[in-house]
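The chain below stands alone and is given as structure tokens, in the form predicted alone.
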Amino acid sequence: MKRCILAILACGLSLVCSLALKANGAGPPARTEDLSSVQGLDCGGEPCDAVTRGARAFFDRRLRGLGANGRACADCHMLTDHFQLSPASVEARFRILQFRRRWDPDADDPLFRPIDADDFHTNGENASNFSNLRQNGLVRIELPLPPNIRLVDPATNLASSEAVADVWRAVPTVNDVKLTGPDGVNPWPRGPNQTGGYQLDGRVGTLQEQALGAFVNHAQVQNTPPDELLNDLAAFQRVLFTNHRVRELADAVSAGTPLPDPDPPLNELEQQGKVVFQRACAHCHGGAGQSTVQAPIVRFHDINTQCPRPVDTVTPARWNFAPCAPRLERNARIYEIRLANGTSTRRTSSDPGRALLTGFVGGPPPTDDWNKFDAPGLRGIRNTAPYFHNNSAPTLEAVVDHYIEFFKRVQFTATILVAPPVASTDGVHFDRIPRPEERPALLAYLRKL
């Protein structure tokens, strides 16, 4: 069994190196260990030997000298899931592990480490409840609480002494990361990373910093990874693209030449959907990486994907979000926030987003970071279900339906006479909302990204 698994990993490593280099115009090498000696390879501006080492490291569970827990990057960024992690794949791996343990009690899958168990804080290294990982495909992110924010103890209804908050987040794909990250425009009033970053809340500024965080928080390394390893992983990730058209777009961005259209040929319905996308979506999912929010729209938005979701108090309801499933709703916690005027308020959320980085809560945008996340790129979105920071939308249909309701809520809760630019093209009419008859066309286009 072990030899079979190693063979599969070796084949996967060879395949991904080949595809990564081929996406940059190179033919597949005979063996991944020979990449650095092959002449004439186009590695997208990256040193080919660094790409090779980075690919090996990405799939390496041993991580010699780091004292890690047996996890590789590829355990969470699964090659078979387009470098993200789906609940279906997690559950399949869990069931396979239980099957193997019938004959081998020591059988192991490093995806299931106590650090990502629901009961980690209670049972430590003996934790074994992987409900969030198995049911939702979410990993545990531990963030220190800002000085003005405290968690409320559900047993006493009083502010607790907890110094950190656990939030459960999806594992995003690393495809196309060369086109995302900080973009230098349309800054948010405060950091970290005022013009966007990596991770779902934009808290990381470089791919190296992101890799270091993964090593420490998920692979639990005991020794500091060398800079060369972090640089190699960054080089490897920068040659991963959804398809060759996106690679050509990234090359043009790097070269400062006119940008090609990365879309494939579109039929009439898909062309109609592209028009809808440019009106309703591209003002937030803009730029070459579809992750740059376009001014005058503010950089970070609460798009109401947290749990619980807003409910309209008017009858009949003017907007209706699909409620979170109980398996996601249970991640909600009550937070007590000390405001700038000295008073306190309480808010409930499964993930307060950037508010856990800054502590800025209590006012309208851009003075409030509550539930704010960075805008992700959308290339290859047809292959990376489920969606949103908490995997709460199972399909693209659910995503589009959520945004239709989101725009309705913006319209009916606006407190100023001018329509906000997030929902309006002219400052007067709420005309960005995809109309019901436009839904099929928008979905058709999204599936071609």
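Numbering starts at 1 and follows the sequence shown. Predicted model only: the values in this text are computed from it and were never measured.
The same protein also has a form predicted together with a small molecule, omitted here; what follows describes it.
Taking the partner from the other structure, the small molecule in the predicted complex has a heavy atom within 4.5 Å of a heavy atom of V422.
When the small molecule is considered in the predicted complex, H389 lines it closely, a heavy atom lying within 4.5 Å. Residue contact with the small molecule in the predicted complex: D116 places a heavy atom within 4.5 Å of it. Using a 4.5 angstroms threshold between heavy atoms, V239 stays clear of the small molecule in the predicted complex. For the three residues A72, I303 and P376, a heavy atom within 4.5 Å of the small molecule turns up in the predicted complex in every case. The stretch among 182 to 190, 261 to 269, 326 to 334, 197 to 205 whose residues place heavy atoms within 4.5 Å of the small molecule in the predicted complex is 197 to 205. Scanning V90, V246, A355, L233 against the small molecule in the predicted complex with a 4.5 Å heavy atom cut-off leaves one residue, L233. Comment: the small molecule is not present in this chain, but in the predicted complex one of A68, A50, V399, C43 has a heavy atom within 4.5 Å of it, namely V399.
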